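Here you get one chain, nothing else, as structure tokens; it is the form predicted on its own.
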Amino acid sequence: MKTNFDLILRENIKKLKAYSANKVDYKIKLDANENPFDFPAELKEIILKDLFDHPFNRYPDSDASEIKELIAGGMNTNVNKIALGNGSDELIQSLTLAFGSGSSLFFYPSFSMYGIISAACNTMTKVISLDEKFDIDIDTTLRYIKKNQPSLIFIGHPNNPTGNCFSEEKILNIIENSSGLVVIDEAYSEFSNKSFLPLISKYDNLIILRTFSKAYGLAGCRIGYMIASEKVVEHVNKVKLPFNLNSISQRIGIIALKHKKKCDEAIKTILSERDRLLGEMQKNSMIYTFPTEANFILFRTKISSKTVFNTLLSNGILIRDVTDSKLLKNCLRVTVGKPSENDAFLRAISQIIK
């Protein structure tokens, strides 16, 4: 019998499109907000030695106990307040599976996976547009919260793709007026030096997401973690898959945490290069750069963003075209790269936009 997939497929999945990163030829990759510096070679040597003695035939530690203890020690918190995931995406999914009985609220523009995961989990979504300065429209937001009390509210801090941190006062207002969970996604916090972590003990509905993908330069290892109340972690652990964080990623994360100072060196260079990129781009009257506290820059051009993107790509430089007909018209996002990569980008952009 031939299977009719349309009859058995869930309605909410029919409307979704599978995530797929564009596969294009490039020489310089500045499109994915990755750390441009590979994991330090001396730490790779330590990893290789560690993995040589590691038994690959055994399942990983389902609780990821050792890496949890290191994270807890570094953040002065309890291990029972930490959950690990195969990237932050999995933790967003686990939170939605466990707590998405009502609606999920997030802002536009922001990280696309908030909406995609909510839709996949059949959770209703509400999107509220940011204002023209890319800050939260607090009046509209509070009206929706007070009337609907969403189960989950996702807030990027700094926000992707805009790069800015929202008003702390507005975020606190949201936390204090919400009966649901407020998830602060701090994937880029190491570049902003701002965090809501000190408030975890004060608000039991506050959740903080972090990742090893950006500042630690471990995007390929898929290590995300969550700090929340013990009750939230308890329920997330019910829905997460067993052995969700493989043993190799756990070992690499442990070594990264034990040598954190070495990983911090790249952050200093990225911040210095970010300021240099901003300064040079701001000299071009045809470019408007938005304030950023992340490792990327959102900018608007006075010519077609598509033209800019395609011409850069013809020069071997890949960035992200985020333009739309709303707040992001003719906007592009460039990740801060190595000094030589940033030089190449600046030379190319000065010839394209003049």
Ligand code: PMP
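Don't overthink the numbering: it's just position in the shown sequence, from 1. What you see is a predicted model, and the numbers here were worked out from it, not measured in a lab.
FYI, the form predicted in complex with this ligand isn't displayed, but the following is about it.
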{"property": "The unique member of Arg222, Arg274, Lys81, Lys240 whose heavy atoms fall within 4.5 Å of this ligand in the model of the complex", "result": "Arg222"}
{"property": "Contact assignment for this ligand in the model of the complex, among Gly100, Gly180, Gly87, Gly217, heavy atom within 4.5 Å", "result": "Gly87"}
{"property": "Stretch in contact, per heavy atom within 4.5 angstroms of this ligand in the model of the complex, of 193 to 201, 247 to 255, 111 to 119, 172 to 180", "result": "111 to 119"}
{"property": "Heavy atom of Phe154 within 4.5 Å of this ligand in the model of the complex", "result": "no"}
{"property": "Non-hydrogen atom contact Leu206 with this ligand in the model of the complex at 4.5 angstroms", "result": "no"}
{"property": "Contact of Ala187 with this ligand in the model of the complex (heavy atom, 4.5 Å)", "result": "yes"}
{"property": "4.5 Å heavy atom contact, Ser213 and this ligand in the model of the complex", "result": "yes"}
{"property": "Interface residues of 139 to 167 toward this ligand, as seen in the model of the complex [heavy atoms, 4.5 Å]", "result": "Asn160"}
